[in-house]
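Encoded as C-alpha cells, the following chain is the form predicted on its own, with no partner shown.
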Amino acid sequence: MCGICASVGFKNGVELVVDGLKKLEYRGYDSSGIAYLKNDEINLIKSVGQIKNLQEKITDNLQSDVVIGHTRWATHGKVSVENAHPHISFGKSFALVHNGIIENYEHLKKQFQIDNLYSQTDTEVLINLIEKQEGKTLDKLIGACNMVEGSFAVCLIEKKSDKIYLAKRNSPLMVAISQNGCMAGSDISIFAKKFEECFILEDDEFVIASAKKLDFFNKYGEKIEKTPLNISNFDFSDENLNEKYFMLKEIKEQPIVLKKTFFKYFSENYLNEQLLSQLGKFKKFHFIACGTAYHSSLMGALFLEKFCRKECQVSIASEFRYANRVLSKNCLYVFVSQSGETADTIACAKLVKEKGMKVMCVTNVPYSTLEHIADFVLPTFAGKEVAVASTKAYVSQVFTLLIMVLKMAKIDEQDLLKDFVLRYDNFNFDEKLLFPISKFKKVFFIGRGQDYVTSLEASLKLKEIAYLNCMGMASGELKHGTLALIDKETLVIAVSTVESLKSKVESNIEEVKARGGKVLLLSNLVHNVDVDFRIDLPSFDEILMPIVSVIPLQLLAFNYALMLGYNPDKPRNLAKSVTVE
C-alpha cells in the first residue's frame, strides 16, 4: 500500500506533491507527510489522518523545488506522527519515503547497530542503513538496497542537493520529466496534464532525477537506457468527483462501464480469433486472485465450466504461493487484479512464469506490473476506481470474463449482451429498508451457484465499509453448522436468480424461519415463500443476473455505512492497492 510522490525543479513543488498525494490517498490514509529542502537543509512536516490534516500544517507561501511526500497505510508501527513518512537519518543528511516492507530490517538493524530509533518503522532502519554506506549518494542507495530483502519503492533526498534518488523492487514506481522539471510517484495519475511521457521502473533499477535530466542505473551502478511510455492520450477523466462519495459515483457509473466493455470487445475486437484460438488450446484454467478479484474469478470459473466445459480451479493468491502446487503446461494461469499491483497476486504470477507456465492477467490498469508479466492480457474498462471498496471494477471483471468465455465457446450472444447494456440502468435502492434491517446483530448472505459468489462479494462489501461482522456462504451449508447461530436477532439475505435452484433456496429460507431468523430475499423470480423483506430485481438472462444482483447489495452496504456515520470511501485499516503481503 502507501503512496509516494516527489518533485524536483518546480518552484511550486510543495503544491505539486500535496496534489499528487491527494490522488494517491486511496493507497493509504493513516498518515502523511512531506520533506523539502530550504536553505540547503531538510525540513519535515507530518500529520496523522487524511491529507487535509497535512495541508492545514503547510503555510500558503511555502515553496521548495526539491520535495518528497508520502501517504501511509500502516504496516510496521502504529499510526502516529513518529511513524509517518518521510523519515530523516540520524545525521540529518538524508530523508526518505518508502512503499513496501523490509523483511530483514531487524537483522540489518543489529548488523549495523542502528539503535535509538525515533519510530517503530522498517523505513527508519533503511534510511540510516543508507547513511552508513560508503561512496557517493547513488552508491549508498544501491549498496543498502542490495542488502534488503523484501519490497521497496523509494524516493530519497539529500541536504545541499538539487537531486532526488529513486529505487524500486516489487512495488510500483514511475518518473516523468518535462522542460520545467521532474516528478516521480506510485501512480501515473500524478502526471495528468503535466507530462506527455513517463518511465516505468523495473525491479532493482535506480534513478538520479534533477530538474533537467534523468539518469537510470541497474543494481551494479551501471548506466542503462530506458524507453519512455507515451501517456498524452491516457484517460484521466474518471478522477473528477460529481457525487459526495466516490463509491456512489462508481456504483452509478456501472451502466456506462458495461456499455464501454461491450463496445471494446465487440466493436474494437480486443479478443481476436488468433488469441481465442490460443486460449482454447488450454485444457485447464487456474484463477489466482485476492479479495473482490477472487470473487470475480469464482464467477469466471463457473462460466468456463458451464460454457466451455474446461476444468477450472480458483485459488486465493496468498495461499497459492505457499501451497506447493503441481503446475501443468496444459493449464492457463489467470491472475485477476484491479490495480495490477496486488503484491500476493504478482508474486504468484512471477512464480508461475519462472516455472515456464503461461500467464494471463485481467486488470483495469494499463502498464501495471501484472500486465508486464503476462503472456496474455484481458483488460477491463472500468476507469479509475478510487473508493477502497470495489464496485465497478468487480462488475467489469465479471462481464469481461463472461464475454471471453462466450467467445471461446463460439456462442453468439452479442445481441443478448447488447440488449442488456442498452436497457440496464441504475438501481434505485429503497432506503426505508435500512432502519428495520439495521436492528440485527448477525447477518448472513446465502446463495447457490452464481448467487453463492454474489453472497460472498456482498458480505465483503458490508464488512469493508460498515464494519459489520457478517458472512457469505453457500445456502446448502446452513445445516452443516451455521443454523446453530440462527435466532431472532439474525438476518439472512438470500440471493435467488437461478430458476432451477429456486425450490432449494425456498427450503433454505424455511430452515431459517423455523429457527426464528428473519429473511431478506433479493430475486427476480416468483417465489412461493413468505419473507420479511424483499428487493425485486429487474429480469435479464440468467447469465447476466450476477451483475444485476450485486449492485443493490453494493448500495445496501453504502447506505448502511452512511447511516452509521462512516466514510464509505475510506474504511478503517484498509487501502485500495495492496502492494505488500
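Nothing here was measured: the structure is a model prediction, and the numbers come from that model. Numbers follow the displayed sequence, beginning with 1.
Keep in mind that the form predicted in complex with a small molecule is not shown, yet the notes after this line are about it.
Shown here without its partner, the chain carries 290, 293 and 390, all of which come within 4.5 Å of the small molecule in the model of the complex through at least one heavy atom. Taking 455, 342, 171, 396 one by one, only a single residue has any non-hydrogen atom within 4.5 Å of the small molecule in the model of the complex, and it is 342. Of the candidates 464, 158, 253, 131, 464 is the one whose heavy atoms come within 4.5 Å of the small molecule in the model of the complex; the others do not. With the partner left out here, the small molecule still marks one of 419 to 427, 334 to 342, 141 to 149, 109 to 117 in the model of the complex; by a 4.5 Å heavy atom cut-off that stretch is 334 to 342. In the model of the complex, at least one heavy atom of residue 460 sits within 4.5 Å of a heavy atom of the small molecule.
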